[in-house]
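Single chain ahead, by itself, as structure tokens, in the form predicted alone.
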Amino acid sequence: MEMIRAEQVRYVYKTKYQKVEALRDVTCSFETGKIYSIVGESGSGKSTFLSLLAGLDLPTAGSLCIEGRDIRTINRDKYRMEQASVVYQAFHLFPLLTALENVAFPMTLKGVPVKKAREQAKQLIKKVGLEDKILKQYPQMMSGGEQQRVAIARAMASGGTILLADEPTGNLDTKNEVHIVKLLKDLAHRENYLVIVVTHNRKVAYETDMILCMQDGALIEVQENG
């Protein structure tokens, strides 16, 4: 099922010295149950496009629709709380909260009772392949791979099925990279998430269902992996 459609999306911003066309007429669509990668050199527009998909900003021109609704017409704060979550290369866990508290946080923010939120958080942490011993650990006590899994569990805690990942394996060794990519693929293929990954890593990209190649703000190629 089509979840997101971009039509002729442009994004322009001004610096002190010039006007920058970060995205140029990008047209594509994304379906649930699939994992996509967006690749390109630095400055190609891939992270800008991800920020638009996350509702962090609006296109300068063109349309970006979520389930048929233009993103300009929806409550973007609600969209990020209930439908779309972003996972970052730097994890962005709350340093003074345990793994359990980090994952429970999005649920308590929406009014779920603390006890229930923690019970659900415990199940999510188990689902991403972590043992109970991690529950009471703070981020600085965890490995990079463990922190990224907790970050993914926290994203899942929102209840939404759009997961946007910005270089999610960038700070990980090869072993943890493999685990995180498998987890993201399983979320798409088994849990019917829409997963979109921005990556410099071609090895990661070739593990996804579709590769979107960007250059100078334009989408130049869409490659389907067999």
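Throughout, we count residues from 1 along the sequence that is shown. No experiment lies behind these values; they were computed from the predicted model shown.
Note that the form predicted in complex with a small molecule isn't included here; everything after this is about it.
Contact between residue 48 and the small molecule in the model of the complex is found at the 4.5 Å heavy atom cutoff.
Interface residue remark: residue 43 is counted as part of the site for the small molecule in the model of the complex, having a heavy atom within 4.5 Å.
A residue is said to contact a partner when one of its heavy atoms sits within 4.5 Å of a partner heavy atom; residue 22 meets this definition for the small molecule in the model of the complex. Under a 4.5 angstroms non-hydrogen atom cutoff, the small molecule in the model of the complex has residue 13 among its neighbouring residues. Heavy atoms within 4.5 Å of the small molecule in the model of the complex map, among the stretches 179-187, 157-165, 60-68, 34-42, onto 34-42 alone.
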